[in-house]
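Take a look at this single chain in structure tokens; it is the form predicted on its own.
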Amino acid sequence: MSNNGAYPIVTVRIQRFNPDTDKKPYLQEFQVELKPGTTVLDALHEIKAHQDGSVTFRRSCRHAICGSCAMNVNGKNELVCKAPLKERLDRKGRVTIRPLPYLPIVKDLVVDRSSFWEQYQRVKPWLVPPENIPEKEFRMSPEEVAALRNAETCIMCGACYSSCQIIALTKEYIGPHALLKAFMRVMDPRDAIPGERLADLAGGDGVYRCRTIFNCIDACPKGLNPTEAIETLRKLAQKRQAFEAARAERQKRLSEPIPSP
């Protein structure tokens, strides 16, 4: 459908739900112009600004670095700020937007991420330095930095967490997002409590709860691999004491220059 020879008109279907007034979620259709470069987030802004101001969603940076706008588009979790609307249309010229699954709905496309942040805090995502902190700087080799495997680039959008089928069963599971951040700390030679971390992660709701379905990999907008990190943590948990001893030895040399290859 076109608008008098201007831009094509497409259908945006949004899942609506207000827990104060609605018994269950429902889909509402809106018509928007498909202008060049329009993203799914642009379409939501157009609808909220000019058609229905009650449509509720989260967004912030619009540059795919804050993670606020993670939603479920046509059945797949992604950041709507970088999702081209044209590429998300089905054969009937429609796109369907729902909130992230497995999480309580606050309103429309906004979900309650309390369990997400609770599990993140549980793994102590901050660095715990050793007692003998170098006077100038820590010395890490390129290999040690590479071992972190870009886990620091996780933007905590929740796309992986709400795509995990274990999360659908229990919110007690630590979750791929928190395990990825825990992996980053365990692999960091500056961290002084790898043994404590691995002991906690090896519990019933930790790394052994993962069923290796790979949904978290498919959902990650940054192309990260939480499953690989979880597998590594499993192996390290099995040799926790040896890993802890090796870390203690490594930290004795944190202030020494890294030998040239």
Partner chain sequence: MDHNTIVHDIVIVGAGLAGSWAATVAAREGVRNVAVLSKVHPLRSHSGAAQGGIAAALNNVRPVPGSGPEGPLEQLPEGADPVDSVELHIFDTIKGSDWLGDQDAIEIMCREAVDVLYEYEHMGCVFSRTPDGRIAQRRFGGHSAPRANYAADWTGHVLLHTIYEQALRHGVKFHSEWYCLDLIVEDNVCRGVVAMDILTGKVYTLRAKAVMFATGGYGRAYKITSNALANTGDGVAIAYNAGIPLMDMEFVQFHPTGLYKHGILMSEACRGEGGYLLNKNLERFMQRYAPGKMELAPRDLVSRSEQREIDEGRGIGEDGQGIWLDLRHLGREKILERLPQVREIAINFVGVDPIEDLVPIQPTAHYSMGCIPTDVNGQVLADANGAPVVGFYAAGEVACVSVHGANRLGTNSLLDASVFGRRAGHAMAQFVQSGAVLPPVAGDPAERNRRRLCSLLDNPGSELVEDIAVDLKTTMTNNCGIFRHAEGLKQALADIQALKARFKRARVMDKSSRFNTDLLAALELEHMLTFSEVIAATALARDESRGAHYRTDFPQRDDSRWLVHTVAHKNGEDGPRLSFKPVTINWEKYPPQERKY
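Numbering follows the first chain given and starts at 1. These figures come from a predicted structure and were not determined experimentally.
There is another form of this protein, the form predicted together with its partner chain, and it is not shown here; the text below is about that form.
Out of the listed residues Cys210, Cys66, Ile217, Leu34, Cys66 is the one that sits within 4.5 Å of its partner chain in the predicted bound form by at least one heavy atom. With the partner omitted from this view, the residue of Asp52, Glu196, Glu231, Glu29 that lies near its partner chain in the predicted bound form is Asp52 [heavy atom within 4.5 Å].
Contact annotation for Lys222: at least one heavy atom lies within 4.5 Å of its partner chain in the predicted bound form. Contact check for Glu135: a non-hydrogen atom falls within 4.5 Å of its partner chain in the predicted bound form. Under a 4.5 angstroms non-hydrogen atom cutoff, its partner chain in the predicted bound form lacks Thr227 among its neighbouring residues. Heavy atoms of Arg88 never reach within 4.5 Å of its partner chain in the predicted bound form, leaving it off the interface.
Taking a 4.5 Å heavy atom cutoff to its partner chain in the predicted bound form, the contacting residues in 169-185 are Lys181, Met184, Arg185.
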